[in-house]
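Next comes just one chain, in C-alpha cells: the form predicted alone.
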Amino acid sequence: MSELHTVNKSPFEKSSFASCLEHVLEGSAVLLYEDGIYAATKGTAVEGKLKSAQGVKFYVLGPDLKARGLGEDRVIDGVEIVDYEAFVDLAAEHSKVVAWV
C-alpha cells in the first residue's frame, strides 16, 4: 500500500515535515506545497534529512515555489517539480493520502 504524504508547513516553523519523515515508509511519496516547499530548497538545515529518506519520492508544487519567489534552481536535486494537475494525479495513484498539518 503506497501512501502520498502532504506537507504544507515550513520545516522551520512547525514539526510537520520532521513528523512526516518519522512515519513515511519506503515506496511512498511526499508532496511539499504552500510553505512546505521550503523543505525542498538547497542549502538548508533540512536538506540532509530529505536526502536520507531512502526509497521515498519527493515532489514540490511549482506554483508555490513561484509564489514565494523561488526558482526551480533552488530545489534539491532529485525532488520533482509538479503542477496542480500532477498533484491530483499523485493523490489518485496512491492508496492513501496522509496530510501533515
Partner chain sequence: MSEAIKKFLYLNRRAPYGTIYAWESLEVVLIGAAFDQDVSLAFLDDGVYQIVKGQDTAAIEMKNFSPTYAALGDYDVTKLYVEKESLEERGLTIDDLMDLKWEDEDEDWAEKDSIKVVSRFELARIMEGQDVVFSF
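In this text, all values refer to a predicted model and were calculated from it rather than measured experimentally. Positions refer to the first chain, counted from 1.
Heads up, the form predicted together with its partner chain isn't pictured, but that's what we're talking about next.
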Exercise. Spell out, yes or no, whether the shortest heavy atom distance between Ile81 and its partner chain in the predicted bound form is within 4.5 Å.
Key: no
Quiz item: Does Asp77 reach its partner chain in the predicted bound form, with heavy atoms at most 4.5 Å apart?
Solution: no
Practice problem: Determine whether any heavy atom of Lys57 comes within 4.5 Å of a heavy atom of its partner chain in the predicted bound form, and answer yes or no. | Solution: no
Quiz item: Heavy atom to heavy atom, is Ala53 within 4.5 Å of its partner chain in the predicted bound form?
Solution: no
Quiz item: Does anything in 18 to 44 come within 4.5 Å of its partner chain in the predicted bound form by heavy atoms, and if so which residues, in order?
Solution: Ser19, Glu22, His23, Leu25, Asp35, Tyr38, Lys42, Gly43, Thr44
